[in-house]
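Before any questions on binding or motion, here is one chain by itself as structure tokens, the form predicted alone.
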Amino acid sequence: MHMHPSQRRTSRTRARCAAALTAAVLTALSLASAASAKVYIDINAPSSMSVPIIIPPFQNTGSEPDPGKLAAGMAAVISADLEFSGLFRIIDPKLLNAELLRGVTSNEIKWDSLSVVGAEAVVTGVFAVSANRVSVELRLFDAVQGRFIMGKKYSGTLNEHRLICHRFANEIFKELTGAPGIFETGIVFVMQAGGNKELYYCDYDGGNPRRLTTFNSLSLSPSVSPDGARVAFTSYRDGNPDLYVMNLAGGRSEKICNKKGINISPDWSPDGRKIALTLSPKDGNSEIFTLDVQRRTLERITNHWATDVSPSWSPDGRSMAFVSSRSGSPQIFMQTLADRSERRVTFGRGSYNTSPSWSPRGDRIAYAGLIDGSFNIHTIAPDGSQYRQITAGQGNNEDPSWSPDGRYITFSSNRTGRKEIYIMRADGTGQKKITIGSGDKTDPAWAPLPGN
């Protein structure tokens, strides 16, 4: 493993979900004694090697039988999380005899067997089910030095077992990289059912989907607030495309902008106080405005005869990317908000470039561009340099949205014949379909963990 003892650890405190789920350091395990075994992965190193890690099925230590194949299922969730990060290589536990993998604590683990399959880290777990609840103890070890790194204890309902796994995957990621993980985040998206379109929410990997709106209308273009608590969207519920804000936890919605004409394509400001959106003023032409969420006051951002839509704030709040037809075809433009200066960002690649999404890191803008008859996801630096096409040859790929850490992108694609939601790493690798079932799914918006 890559040892970087001097690497600075991030001190960011992560607020926890409001679910009835608790997590505490295992009192029986000494973190202090494991300090010399800390392992770090440099996530910014261009040639960072993936860490071989083995996660055997967990051990059921309770009196009740395993009701839903939790032993293998929970291990699989953690494995999938770590593998998707691109920083871990999952070793198949089936390469070893099951008896050799039953060890849970340091003195029980067969370290020689783990070295045979090249494991540099190992996760062990035990759980017990009682009255529709599950208690889980999980541990992470350095398999090279044969030392304990950290452990956690969780308790929740059976339905929360995936959340437990995502949370521990985040703990592993943070312990070994010093950066927060995204495995407890979610994605809001639009799903078509009959002639209606409603908003849905799911875990970042597609698990635990739930319906958010029941408007029996067209609800479109969700945008999640920076604190992960609210979603802004457009709905035709009352006949006009009006702007709504919904509380993600409670589901209560409120109409906040219903100007005559369109109230579409919302995007939250980095401080959560304003929403950029597209309106059609008295002349009927589409322009970018910002709406103060509390005061309900509007400020006009663009003023051009061409169509201006789809705003996206820069993470520092000083600039805004948007789509404009002022050059003849839709292209990505940029405005510096202080002086209202504007410039074109996309040139020469794509006859129709739309849906800009600014990375939380500030270094890239993702967008959907039409080339050779198909839409694909592209990224570009804010100054128009460093162009990259990151999807290709698999249908139409649209609606990009960045993860809160700027390392991943979600998007919609019809590569299977139906529009589904996908996730991938920011370089286009690791593309993975996360939605199933009937109905087209579009407009994904990556939602941060509430409280961040």
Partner chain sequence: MQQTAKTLLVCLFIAALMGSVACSKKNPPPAALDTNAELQNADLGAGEFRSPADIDPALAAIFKNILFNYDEFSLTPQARAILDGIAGWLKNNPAKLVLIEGHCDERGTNEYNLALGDRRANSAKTYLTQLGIDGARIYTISYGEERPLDPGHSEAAWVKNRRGEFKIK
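Residue numbers count along the first chain shown, from 1. Note that the coordinates shown come from a computational prediction; the quantities given were computed from them, not determined experimentally.
In what follows, reference is made to the form predicted together with the partner chain, a form of this protein that is not presented.
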property	result
Interface residue in the predicted bound form among Arg300, Arg318, Arg349, Lys110, criterion: non-hydrogen atom within 4.5 angstroms of the partner chain	Arg300
The partner chain: the contacting residue among Leu220, Val144, Met150, Leu100 in the predicted bound form [heavy atom, 4.5 Å]	Leu220
Among 246-254, 162-170, 89-97, 289-297, the region lying within 4.5 Å of the partner chain in the predicted bound form by heavy atom distance	289-297
Glu398 within 4.5 Å of the partner chain in the predicted bound form, heavy atoms	yes
Contact test in the predicted bound form: Pro330 vs the partner chain, heavy atoms, 4.5 Å	yes
4.5 Å heavy atom contact, Asp372 and the partner chain in the predicted bound form	no
Arg273, heavy atom within 4.5 angstroms of the partner chain in the predicted bound form	no
Residues in 245-269 with any heavy atom within 4.5 Å of the partner chain in the predicted bound form	Asn258, Lys259, Lys260, Gly261, Ile262, Ile264, Ser265
